Structures are given as structure tokens and as C-alpha cells.
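A lone chain, given as C-alpha cells: the form predicted alone.
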């Protein structure tokens, strides 16, 4: 037998990986001194299926719970700018989101079936919306996230109004994404205006076979009467197809215990439910927040392994938006970029997923001191920030920091050199942290100034 020629470092890695494999097989998590890339949700679970009232992995047979975020309407500029790999990656990596819902309105301005006052032709509108869907599907797929293609009826009230358009749409979508393990179809968002379960059932019996002709086992979600709330009614007469779930939507400042009672009836009757939309606001998406009721909802959903999607990934000036109104960033959001609802919801996602680190950003630098030393030098002393990789120093002779210079240091003391005598320098410092090759910055300290006299 040929002897191995292995150095100590390689041998240590080989032994460590072997131990990791054994421990993972036993369900034990071991913190090793090198980084092990976590498997994505889709890598872990593959395609999903419905067993009884549970969503499970076809790959492992274990129960799967999706904690997702819904876009606002991708028809509008409060929704489509956030359809990107960078945005979805931020949600996945910083806020424990493993699924995205792409909400495409069928009516209103730029609607798929009724384009309203949009100046483009209907064909152009539809082509644009399908392109946005594809961008979202591909981004989610690249990131190992699940994605819902949502036929978002609302003002049309009944899904039967545009049933012929829905048939063509889902035929095209299911053919295009038939081989994608992560794509889920939601065939009618919120039937309302007196639309009965009988009407919805008739619509579903038309659309589901069209999807199944191309994709035999994708999970399909069906809306329920009264803005997707009457799951108790549906549980008495469900559809006969496999891999079908039914929606329940709630907004915690409006929908409280009586609606949880409806969910309990549905669960007692064995109905598989998915909450494809919820908010901590009133039902309008505006008004007050009620996080106490929202917590009761999430506790119930977690207890029953029910998946849920928060409304909405948007900076629209309304309570339910996850981003602060006016926030210009399209990805990389820190806590300061989130709305009050966003802070609460995404903190809950992290906690309920076992990830207590809300973000990688280090804390704000609390204090800096400046001292002019001989030789036109400025010594900067920084109060240490826990978990910081280093510090970025920004300085200028202008209070506005116009034409400012920056430098970095990994130490809490740093000396600027070759400064100009009799000039006043303004200085501020922020901590940074490097994670997986990416740099995350905290907030700047208060500005300090000093005049160079030595």
C-alpha cells in the first residue's frame, strides 16, 4: 500500500471534516474553527409536497416551514424595484427568510388582465410582468429559496372574472418552471365580494389540471372566501387533488381570536393551510400595529408548522411595509432602514429560526478622543466595539466633510500624519465587520474636531 504524504494542516482538516460528517449525521451541531457554508432551504429539502395537513420535503420526508416575505405588487414602483438577487440575499442571510412571494395584481394600474391607465399595450404590460416574475424566480433559485408565483386577484373579487387569462398564464408558467423544485403556484389571492367556495372550487378545478399537465407534483395554493379567511368553510369540502394547500390571511390589528378559531376548525378537520400573507397592521395595511396579537398568531402557526409570508417588501408609506418610508436602499438593509413593522417581523423571524443575530452590522462607535501631537499628527483613540473587525476613520477640514479622506485600522488607536498646521480637522469613526468576504458598517460616531497647532 502506498503511504500518504499529508502535512499536519491537511490532516487536521481531513479529521475535522470526517468528524463533522459523523456529528451532522447524528443531529449534532459542532462549532469548528473554520467556516462551513450552510445548506440553503432548497438544497436541504428539495421539492415540497403535502402530506395530511403538513408541508414536507420530498427529499427527506421531514416537515418544512417557510418563513417568507411577499413583495408588494410587482406592477408598481413600490414593488418591482426589490425583485433582485441582492434584495433576496439580504432577506435570506440577515433575516432568516427562506421564501419569496411574487405578488402580481391582475387589475388596477398595470394589471395583467386590466392595465388600467397604463399607456403601454396590454401585450407589453404582460411581457414586462412575466419578465419581472422570471427575474424573481431566477434570483430565488440561485439563492436556494422557495418562491410563490401569485395570481393576485383583489378588485376583480372573483377569480372567475379573468379565468380565461388565468388558464393561459398558468399554462405558460407551469411549462416554463416545471423542472424547478422551488416554485409554488398561488392561483387566486383573496376572493371577496361574496364569492363563494363553490365559485372558487369551480375555478380551481379548471386551473389545477392545467398546471398538473406540465408539473405533476408542484405545490398549488388556493384562495378561500372573504379575503382568504374562511378556511373553516373550505375544510368541510376540500378539493380532491394532491399537493394542494389553502390560504389564510390575517392582519393582527383587525383579525384576532375569532379568526384563529376558524384556523383551529380547519386544522381539526385536517385542512393543509399556508398563510401566504400577513401583517401587523390593520386589514387595510395602514393604521395601528398590534404586535401582541401578531405574536399570538405566529405562536399558533409555529406550533402547527404552518408557513407564513409577511406583507410587504416595500418602502410604501403604510404601516405594513417592512422598509421605512422613503428608504432608498434596494438591498443590504440594516435595522435603521426597516419600518417599525419590519423591525418587529424580521426580529421574530430570526428568533423563531434560532438565529438571534439580527444583522452583521457592529454597534455604533460610542466615543472617540482626538489629540494633536508633535509633527502635525493627530492621534485618534476609539472606544472598542465588540465583534468589530476594524474601524473606518473619516476626516476633513470641512464641517460638511466635503472632500473627506478615509482610512481604516484594526486597532483602537490610530495616528493621522502630514496634516496642515493651523487647520481645524473634523473626524468621525465607524466600526466595520467582515463576514464571508463582505464588509458591514455600523453607524458613525459623533463628530469631533481639533485644531492642528504642533
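Remember, predicted model here, so these are calculated numbers, not experimental data. Numbering follows the first chain given and starts at 1.
Omitted from view is the form predicted in complex with a small molecule, to which the following refers.
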Practice prompt. State yes or no: in the predicted bound form, is some non-hydrogen atom of residue 82 no more than 4.5 angstroms from a non-hydrogen atom of the small molecule?
Written response: no
Does residue 224 reach the small molecule in the predicted bound form, with heavy atoms at most 4.5 Å apart? no
Exercise. Hey, in the predicted bound form, does residue 189 get a heavy atom within 4.5 angstroms of the small molecule?
Worked result: yes
| query | Looking at the partner-bound form in the predicted bound form, is residue 232 within 4.5 Å of the small molecule by any heavy atom? | reply | no
Check all three, 67, 259 and 263, heavy atom within 4.5 Å of the small molecule in the predicted bound form = no
The one option of 156, 318, 293, 215 with any heavy atom within 4.5 Å of the small molecule in the predicted bound form is 318
Exactly one of 344, 180, 76, 197 comes within 4.5 Å of the small molecule in the predicted bound form through a heavy atom, and that residue is 76
Within 4.5 Å of the small molecule in the predicted bound form, heavy atom basis, the matching stretch of 331 to 339, 308 to 316, 137 to 145, 364 to 372 is 308 to 316
